[in-house]
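Shown below, as structure tokens, is a lone chain in the form predicted alone; questions about how it binds or moves come after it.
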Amino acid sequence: MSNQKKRNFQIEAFKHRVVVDPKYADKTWKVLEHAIHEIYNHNASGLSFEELYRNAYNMVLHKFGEKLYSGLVSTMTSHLKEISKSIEAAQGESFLEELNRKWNDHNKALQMIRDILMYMDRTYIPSNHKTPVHELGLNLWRDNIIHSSKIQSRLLNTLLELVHRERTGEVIDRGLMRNIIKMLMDLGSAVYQEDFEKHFLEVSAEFYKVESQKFIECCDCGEYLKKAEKRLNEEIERVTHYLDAKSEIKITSVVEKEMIANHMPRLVHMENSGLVNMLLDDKYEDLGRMYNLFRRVPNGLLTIREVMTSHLRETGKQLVTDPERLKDPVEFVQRLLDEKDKYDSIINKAFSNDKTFQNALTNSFEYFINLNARSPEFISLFVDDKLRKGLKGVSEEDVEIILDKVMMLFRYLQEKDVFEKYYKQHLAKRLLSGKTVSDDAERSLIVKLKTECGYQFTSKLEGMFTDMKTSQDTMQGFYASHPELGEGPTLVVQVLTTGSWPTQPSSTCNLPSEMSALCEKFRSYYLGTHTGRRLSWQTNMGNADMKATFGKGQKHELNVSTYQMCVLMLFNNAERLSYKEIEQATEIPAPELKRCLQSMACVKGKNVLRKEPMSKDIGEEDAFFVNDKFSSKFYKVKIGTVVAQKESEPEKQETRQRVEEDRKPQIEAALVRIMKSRRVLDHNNLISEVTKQLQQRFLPNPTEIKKRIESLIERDFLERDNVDRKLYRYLA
């Protein structure tokens, strides 16, 4: 097999010429042309499609494709011209119906013609770069029908008129509209856009421009927004029913521009119904509608945010600077919390919890809460009020909610260290008087503060709780070692670590002999069990329970301060005492003594003493007696000390001074930390870095930072550069 020679086969052409009938092409075309006429005249049922297909196939095969194609173009064109006349003749509403009917007929005819000429479509047309049969049919329909001078403008006006009628409340044939619009889309996106959409958008813009002007003159803001929302939804619905889906964004943009964007300032500032009124009246639905409409246009939400922020800052500023409101710190803070709750609710319900609005709210609160230098003190007083009595009978969950709200206000404070100072003072009073509602609530708040500001912030507060627990154990040990003290006065001592508790001015006071003997015994016991410690009595922080018998043998148990106890015990040995005598016997500082006497002689229902002459204030010439007529429906009577809930001006100055002193080492520590890591740094960057590091606790004053830098230079921690005096170097 391999040895045999390879044979090459060759196919040769016929030796004789194939003769084609010269009239073959004309005859065949006549048959096909007749068939096309019949198809257009709805007589296709009598045609043999197989035979017609073969004829078209043979024409292409015998190189008569051009004749077939050009014949098709001229035949279809002539039919379409006739159809055009029929459509033009249609009157009124039948115009679109006739157009739709003829369009459907043309599509059916086109389908049949394409089936007959399938071979030409697949071979002749691609190789000769001609337009395929179906596309050709659409193009001819476009040129002869849609772009006919008598149809084009009439079609556009009819469509726009129907849309206008629908906008003004009439019911139109949406199915017919959908078919006509689909025809334009089938003819190509350019036809739909140029012959309809472009004009539709222009007319719509004019329509909504006029309508919005009419609405804004006669409606309030809420009503106007409802109408705008309704129109927007109508246009979206219109697109889904009979327009191209791509038109939705274009037509909604037109409505948004004409009805919303062009009227934004007027809407938000509308008198008696604009944004501020909606905020004041908690109109969640209207606010939500405004948010959803304005978010669709450029700078829409920015406009709402700016007006809201401006209003909030203005009302907040009034709130924190109104002298009337400053009289009650608890009410002051409650108003702040109510305002925060109100706007949280608005942002949640109406503004989709938008983060940018939450940030604007936070910034506004930070702005106005720090306008009042006493905000840290007032927030601490609010906590004090709640933890003393305000949370009685409140569930744990609600306690947590209140504490979280307090922490939220705390975060807004720039001077967190000032809050810490006051909080420590108020906590000390609560712990020492045993007036805290719940240890759990106290500890929970300290945990929250620790999480927010770190261990350093709360270490001393935690030390205060430790002291209270240790003191209980100490007292048990004291009484266990002195069993003979079962009778007579009972002493409860709280031993406070100096560094943990707020520093109190140590004031002397002559205790009654019964108490001073007991105090000495405790001192001996305590110093005997602890070496290297020193005790100093803080009589101004103590209290006492005393049994008293008044005229007619009426007995009461009085809960008083240590100072009040010292004064009352004097009356066991005297009927009448002058102010001077009391002062001399007790050695209580004059301001404290006056408050102490005022609370026992001038407060109705608590007046266990009488004074002469009777007046609201205590004078140095006054004389005091036991009030034999004192009576109360309660056996136990608590006599508070008349004291301003807020600090007096000198106390304020003193607290502020202590805060400023405490800040100095913190600023210096931050300066050293930064310079140690950076080694060399210019003045402005150093100030900026220190501020950044310390702003969690307080906002340092640049002047104070500068003073601390000078102090560190003097102590050889830093030095100035010899050339650039604004450059600092760290000295190891």
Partner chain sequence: MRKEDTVKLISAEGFEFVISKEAAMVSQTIRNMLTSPGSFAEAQHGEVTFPEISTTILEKICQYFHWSLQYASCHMTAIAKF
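Numbering follows the first chain given and starts at 1. All figures in this text were calculated on a predicted structure; none of them were measured in a lab.
Form predicted in complex with the partner chain: not shown, discussed below.
Site residues 54, 118 and 122 are all in contact with the partner chain in the predicted bound form, judged by any heavy atom within 4.5 Å. This chain is displayed without the partner chain, yet in the predicted bound form the stretch 110-118 from 169-177, 110-118, 419-427, 515-523 comes within 4.5 Å of it by heavy atoms.
The partner chain in the predicted bound form is approached by residue 46, whose closest heavy atom lies within 4.5 angstroms of it. Using a 4.5 angstroms threshold between heavy atoms, residue 695 stays clear of the partner chain in the predicted bound form.
A residue is said to contact a partner when one of its heavy atoms sits within 4.5 Å of a partner heavy atom; residue 58 meets this definition for the partner chain in the predicted bound form.
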